[in-house]
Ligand code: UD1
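Encoded as structure tokens, the following chain is the form predicted alone, with no partner shown.
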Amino acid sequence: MQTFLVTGAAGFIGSHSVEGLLARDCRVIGVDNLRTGHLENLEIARTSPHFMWVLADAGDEAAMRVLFEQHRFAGVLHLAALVSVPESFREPALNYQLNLAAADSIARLCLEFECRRLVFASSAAVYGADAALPNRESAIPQPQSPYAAAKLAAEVMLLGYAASYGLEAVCLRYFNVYGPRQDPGSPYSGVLSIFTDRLRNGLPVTVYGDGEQTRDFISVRDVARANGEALTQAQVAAGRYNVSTGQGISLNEVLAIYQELFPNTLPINYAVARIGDIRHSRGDPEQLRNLLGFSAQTPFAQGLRELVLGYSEENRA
């Protein structure tokens, strides 16, 4: 049985990824400092004898070294990060520490302890607002925030280690991930979890702009599956890969589905578009399909219903 380390394990994507690895008959060591993660997200995982939970900071090299010494990791899924773009502006030093320095520390430990596979959570934010659609990995990145810049810098660093030392560094650029366990109370939560929370509570939602802006929404279940494939497939090529559906969905299309799910919803408020908001975002999924045979499988309407159902179940608990 192979053993994998997952940092940020108690987070939205992390907890789903842990469950996916356990379903593949893997042993998982999950690390989180609970800065933004929630231990209840690991309720299912903690019932497995093949899961071990560790309260620690992924950037604490001494603490991580103990784990690398105790376990022969077949691979690392590095999800721990500062995930707030606004916070990266307010706290650039913290952004550097969590999004770049921690990745460097984990990568060096992989090299030291002969863990050859490192899957890194990057972001479509590296493309910027003016990139041609669909976003392709060959495009010149145009990061427009400290967050995006740190993610891009981490990619470059990890791929430099790949070229220099043979580290199998797989940098996955997530697009708009949504699904159960996404915290609607977070100031940087996804628009879908915020909409769901407000509509469930009979509150109005506000759309900034005309609602025709589009996003490439991908279910967290598909993202977790991509993470698992990237970690466990025997052969991978180091590189940057979009985790996307290849489809752009407008917010007005999203709201039409919500109106079916919440027929008594209040009228939608439309406000002036916010400066800096990206008008359209859509990834080209071909490279990841070629590498892993991966394609997103969750239709958006189904995934949105799963998000609403997951929210309902969590609030009944």
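Start at 1 and count along the sequence shown; that's the residue number. What you see is a predicted model, and the numbers here were worked out from it, not measured in a lab.
Omitted from view is the form predicted together with this ligand, to which the following refers.
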| task | Would you confirm whether the three residues 95, 153 and 172 all fall within 4.5 Å of this ligand in the predicted bound form, going by non-hydrogen atoms? | result | no
| said: I'd like to check something about residue 42: if you look in the predicted bound form, is any of its heavy atoms closer than or equal to 4.5 Å to a heavy atom of this ligand? | reply: no
| said: Is it the case that residue 213, even though its partner is missing from this view, gets within 4.5 Å of this ligand in the predicted bound form, heavy atoms only? | reply: yes
| message | Against this ligand in the predicted bound form, would residue 274 count as a contact residue? Criterion: heavy atoms within 4.5 Å. | response | yes
| message | When the contact criterion is heavy atoms within 4.5 Å, does residue 292 count as touching this ligand in the predicted bound form? | response | no
| Just one stretch in 73-81, 120-128, 97-105, 226-234 has heavy atoms within 4.5 Å of this ligand in the predicted bound form, so which one is it? | 120-128
| request: Report the residue, out of 278, 63, 257, 52, that has at least one non-hydrogen atom within 4.5 angstroms of this ligand in the predicted bound form. | output: 278
| said: I need to confirm a contact call. Of 139, 194, 238, 133, which residue comes within 4.5 Å of this ligand in the predicted bound form, counting heavy atoms only? | reply: 194
| Taking heavy atoms and a 4.5 Å limit, what residues of 196-211 are near this ligand in the predicted bound form? | 206, 207, 208
